[in-house]
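Subsequent text provides structure tokens for two forms of one protein chain, presented individually as structure 1 and structure 2.
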Structure 1
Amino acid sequence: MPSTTADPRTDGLEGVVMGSTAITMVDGERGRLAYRGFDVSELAGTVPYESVMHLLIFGDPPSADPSPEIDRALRHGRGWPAFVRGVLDALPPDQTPLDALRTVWSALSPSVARYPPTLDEAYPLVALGPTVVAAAAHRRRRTSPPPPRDDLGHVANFLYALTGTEPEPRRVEALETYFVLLADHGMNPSTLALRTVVSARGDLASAFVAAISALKGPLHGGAPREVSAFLDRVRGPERAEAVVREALARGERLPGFGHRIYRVEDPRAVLFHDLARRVAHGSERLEIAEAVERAAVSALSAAHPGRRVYTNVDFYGAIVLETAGLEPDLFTPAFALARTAGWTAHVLEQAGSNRLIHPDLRYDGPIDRGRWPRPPIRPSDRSGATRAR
């Protein structure tokens, strides 16, 4: 396959501003992240996910915590519509929870795009998300999911749905903090995909399907799972330097390091590191992670003196997800579930002042290749021509 020429100044849309947002401020130079003006350090560990979702969508804090409106909508929507069970039953038994969620969202998409999207269309997708992910996880383990509990919050119910046991408070705290810190991050590949669908007046469910598809790869939402696999490979803190060196020598990207926007430490990485120090204190896993961080930051700084590379959200985020008791193939689904709050806000914001998103590509293929190398085939000859070939 012929390849095209890369131009690092424009490729990957780095630094391209495609519109404005009042949802989330990401300041990559100062390492600051704020939802509707509230620094995430103010919210993480203290404000429930439902209230953060409220803030992102409505623009102001709710009247009480957790947000009564969001709490009611999410509790109400977590039961099983019968046809969703049918969709899951039709999937291959080893379908990953992430793919199962994408497929169910796709099945919930209307056949003709409804526009403009409404908040009432988002609630069932967000509320049902944990139920679907947990059911897909049970299916792979050949166990049965428990019926949803409507006396638990959104995050605690997700943990309950996964295990069928009362979730331990420290696990709920870890996962709720994860959900809050991952709830939105301004522009990024999945939010771009989502807003692009809406900009063409697509429906909300189709936009969610586009977003989760863009999230799946290891450079975006697939990264925390790769972090966990990398730490497994290291096995002990004393091996960190050698494993990092070998990986870089093979040209691998170290998962959990680097970011398109942050030129200083990702504030979420700092908060997750603090949380990990608290909830995973003294564990060998944390020691391995810290040894990998030291080795990677020093090797990457030496290799790229002009562009400092630090841990990103997914590095200590993976330790936090492990502490919450999630298996690695639930990490990307957890990321997607957390991000539904931001995706909802972005769908509504895009539809609120919409212009079709339609960027351009620099064409660098051949310009004029003249005539086709064989004589023309008349339409009436077509079936014969296919057979003759």
Structure 2
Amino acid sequence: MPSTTADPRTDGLEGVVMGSTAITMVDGERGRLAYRGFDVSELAGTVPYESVMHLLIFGDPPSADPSPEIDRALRHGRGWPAFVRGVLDALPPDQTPLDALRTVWSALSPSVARYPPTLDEAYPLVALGPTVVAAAAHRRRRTSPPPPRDDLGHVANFLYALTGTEPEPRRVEALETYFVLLADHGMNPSTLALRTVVSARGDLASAFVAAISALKGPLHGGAPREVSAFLDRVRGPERAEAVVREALARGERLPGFGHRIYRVEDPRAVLFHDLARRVAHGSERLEIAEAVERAAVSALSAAHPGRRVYTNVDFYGAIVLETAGLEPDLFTPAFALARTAGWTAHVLEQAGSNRLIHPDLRYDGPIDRGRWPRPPIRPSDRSGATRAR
């Protein structure tokens, strides 16, 4: 049997530098995150998502906020291509919004199945994303989605598409800040999948499908939903300590704590906590989350002396998504929609200076086992040998 011994130096590619990028700097040692040289703390809550997308793609701030180029392209692409409605109607009624989006992106592949990918091919995928996610959410509720609003920004239109009502400014602020802070984060699993597809000269839609497939898992884009489910178990601030203690005693991983990259506080987690205090001030849900944080930090610090314990981007990010009015099955789609800005930038960067991504694996299985234990079977005898058995 092959050995299952992990090598902490390379398993999971931790610490392995696979290339270079000019898009996003992730400094886990110092707790810094910057898009094209602009610290995210300078962008969150002050710069529209369209302008952040412009920055990530073009490398410089736009001429105005929101970016006229990005704003125009995303408004133009919100409408339904004729066949997309048929694609959605063919899906099971209870199909998740995330899987619906993945299916629609895959169906769009023939129209963008060229190499190298272009920005004009990316715009429709990004613009149509909120429309598809909202329509899939309405299908599960057995309701009809409203037509897109041309007078609303990208994030506000998404909230309108989900509810059919004018979104409250507080909810727009919460979700737009979420989109800005999740727009990119270097070489994470979904971006690695995306850039690998592009490196093999795959088309843009296939790259987006690969990225959203990687994002779906609970250790990546699915994490905020797990945080929300854990807070549901707590039910009240006074129960936080007991629930955390019981979860750790059962060997459970506490969702929303720890990060593979950051050795200090994740700057996005700090910003999300501040945002949650502002948009969810006085809510019992925020009180529960803060009580869980105190209990978890205390318990984990006692179990691992000398190790600093912090919340990650998903913990208070879940509170922000709840405050924006999103249901838990929309948390991961919201993550994916936010990340399309970074995915677009990475597609173009990878194609602009491409080399096939082809890492090796360390083989630790048996060697030189000799001959096969039975006489060989000629291809012409294979069907007869099968019948004889």
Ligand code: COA
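Take the two forms, find the largest set of C-alpha atoms that superpose within 1.5 Å, and that set is the rigid core. Counting starts at 1 with the first residue of structure 1 and goes up one by one along its sequence. Since this is a predicted model, take the numbers as computed values, not measurements.
Chain form predicted on its own: structure number out of two: Number 2 is right.
Per-residue C-alpha change between structure 1 and structure 2, Ile367, threshold 2 Å, rigid core fit: Ile367 C-alpha, core-superposed: shift of 2 Å or more.
Threshold 2 Å Cα movement between structure 1 and structure 2 at Ala299, rigid core reference: For Ala299, whose C-alpha is compared between structure 1 and structure 2 after core superposition, the shift is 2 Å or more.
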